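Single chain ahead, by itself, as structure tokens, in the form predicted alone.
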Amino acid sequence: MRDHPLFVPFRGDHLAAVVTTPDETARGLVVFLQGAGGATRTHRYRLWTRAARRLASDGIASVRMDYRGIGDSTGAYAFEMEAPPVEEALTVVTLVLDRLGLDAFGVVGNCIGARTAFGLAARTETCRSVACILPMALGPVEDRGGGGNATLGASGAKWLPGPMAHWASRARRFGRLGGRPGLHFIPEVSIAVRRGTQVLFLHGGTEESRQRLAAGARALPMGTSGEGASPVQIWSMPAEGTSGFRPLETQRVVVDSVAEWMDRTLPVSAADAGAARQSAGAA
């Protein structure tokens, strides 16, 4: 395993990042995206560093980056939940994929990093997997505006107008729990699932929030993972009140879950990834 620090040019600034590679040829890439609040590329308690090294032992490369104005990156610090740094992340992942000769990647994120992760998955064809970490709140992936039901077309997200949007939104909100409100996801979640991206929600909230998350997940559109196969999974993580990632058990579960999920969902090898694409094209 080796760490490779680099600076990626971005709109007159430079984004600091560290790429961790296995000793053998990497079979995929994982991008780590932390939340707002000033956390650097290592994340709190060096979660991303520890997870990156765990992935390297499984033959998977990774990159952890500092957003603009954070850590070693230049530029101004500015965060808005409605305007996550998708362009910054896309610039970094594009360069690293090219340098490593890879064309498949996964994303891990929490808080604004979760929004950024789904933004990447919605905009790229090569994002195979998202691990969305929600220690307590569902806000990072919740669409509170209720703007309609996103569908995937040739130009990306499109909206169902008028009454269709009303009923699609209502169906997604209430899911299949007999009228119990389900989570209304941001459009990028639906778009990513339709593209065939595998999605993991690692959640540690209350029973009520877990039921809302489950109802929303069941109402998501079926992707390209195959008839009867769910592209979305929900795993539990321990949480104590608002302690977030502080408990050691929580940290362990995050690292183990990320490693297991990415090992499952990223291609076994570049050759296998190419074979899968050819098979899909022939179908």
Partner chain sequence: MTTDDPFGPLRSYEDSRLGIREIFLVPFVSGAETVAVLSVPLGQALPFGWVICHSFGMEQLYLQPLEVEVARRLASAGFPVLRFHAQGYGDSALPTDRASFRSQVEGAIQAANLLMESTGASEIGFLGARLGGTVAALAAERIEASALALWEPVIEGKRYVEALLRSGAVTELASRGREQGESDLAQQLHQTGIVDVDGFPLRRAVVEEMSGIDLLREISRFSGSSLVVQVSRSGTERADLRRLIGRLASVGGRASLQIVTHPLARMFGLQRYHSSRGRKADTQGDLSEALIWRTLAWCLESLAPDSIRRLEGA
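Note that the structure is a prediction, hence the values are computed from the model and not measured. Numbering follows the first chain given and starts at 1.
As for the form predicted in complex with the partner chain, it is not shown, yet the points below apply to it.
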{"property": "In the predicted complex, segment of 254 to 262, 35 to 43, 230 to 238, 211 to 219 with a heavy atom within 4.5 Å of the partner chain", "result": "35 to 43"}
{"property": "Residue among Ala104, Val86, Leu100, Val141 with a heavy atom within 4.5 Å of the partner chain in the predicted complex", "result": "Leu100"}
{"property": "Contact of Leu266 with the partner chain in the predicted complex (heavy atom, 4.5 Å)", "result": "no"}
{"property": "Partner contact for Thr206 in the predicted complex: the partner chain, 4.5 angstroms, heavy atom", "result": "no"}
{"property": "Any non-hydrogen atom of Leu200 within 4.5 angstroms of the partner chain in the predicted complex", "result": "no"}
{"property": "is_contact(Arg53, the partner chain) in the predicted complex, heavy atom dist at most 4.5 Å", "result": "yes"}
{"property": "Sequence-ordered list of residues in 3 to 19 near the partner chain in the predicted complex, where near means a heavy atom within 4.5 Å", "result": "Asp3, His4, Pro5, Leu6, Phe7, Pro9, His14, Ala16, Ala17, Val18, Val19"}
